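Take a look at this one chain, the form predicted on its own, written out in structure tokens.
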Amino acid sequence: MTIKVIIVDDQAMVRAGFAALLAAQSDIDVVGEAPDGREGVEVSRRAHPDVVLMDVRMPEMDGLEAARQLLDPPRGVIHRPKVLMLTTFDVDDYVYEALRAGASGFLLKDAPPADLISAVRVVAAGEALLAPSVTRRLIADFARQRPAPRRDGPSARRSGLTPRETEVLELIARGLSNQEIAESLVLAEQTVKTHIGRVLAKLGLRDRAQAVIFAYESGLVTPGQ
């Protein structure tokens, strides 16, 4: 099945380069582009892409607000694309906020072309882009900037998880893939997927990206562990 993508970035050369790279893949179709967040939301509503590549810093409307509008649309708008944030900076607080809003992950603009192609496929498949070591480091940096967890906040919600589900959540937060979690806990990979589904459902989270944020904010995982 072809993955439909739109590219939202205020630099025309960046949009052109990404579009050429992605359009050359047999399973990816670039169905639109936009120079700012406001137009990006409009293009997405018309084109119904599977994945939106969203720059963080743009005029008119930044990528964070655009991501919020796409991921929490007004009544009557059904389509919710996956949003993959693009950033020039290796530590960007906007990206942290985008993950909390429901973005499926982020990628540095200077990443190798193969990483961009892989990221689009990973996000389109419903996974979060959280496995690479650079992402683990960035998530830890974002978490380090957050206030200490409150007793009546995420940590209280976490009490509804079983011990096994808590283990799975911790390993997700450490950046392990489903296969790596299965090997670590000596479980079948399908069993791990079932546990992850239950964790997300119990905590009211959209995907693995939000699960990582939750794990840090609840104190289950602390930066530098």
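If you're wondering where the values come from, they're calculated on a predicted model, not measured in any experiment. Residue numbers run from 1 along the displayed sequence. By rigid core we mean the largest C-alpha set that fits within 1.5 Å across both forms.
The following text describes the form predicted together with the DNA, which does not appear among the structures shown.
- The DNA is not drawn, but in the predicted complex it has no heavy atom within 4.5 Å of V51.
- The closest non-hydrogen atom of A47 lies beyond 4.5 Å of the DNA in the predicted complex.
- Using a 4.5 angstroms threshold between heavy atoms, E217 stays clear of the DNA in the predicted complex.
- Contact between G197 and the DNA in the predicted complex is found at the 4.5 Å heavy atom cutoff.
- Here the chain stands by itself, but in the predicted complex one stretch of 38-46, 23-31, 176-184, 58-66, 176-184, has heavy atoms within 4.5 Å of the DNA.
- In the core-superposed comparison between the shown form and the other one, the C-alpha atom of V56 has shifted by less than 2 angstroms.
- In this overlay on the rigid core, M13 has a C-alpha that sits less than 2 Å away from its partner position between the shown form and the other one.
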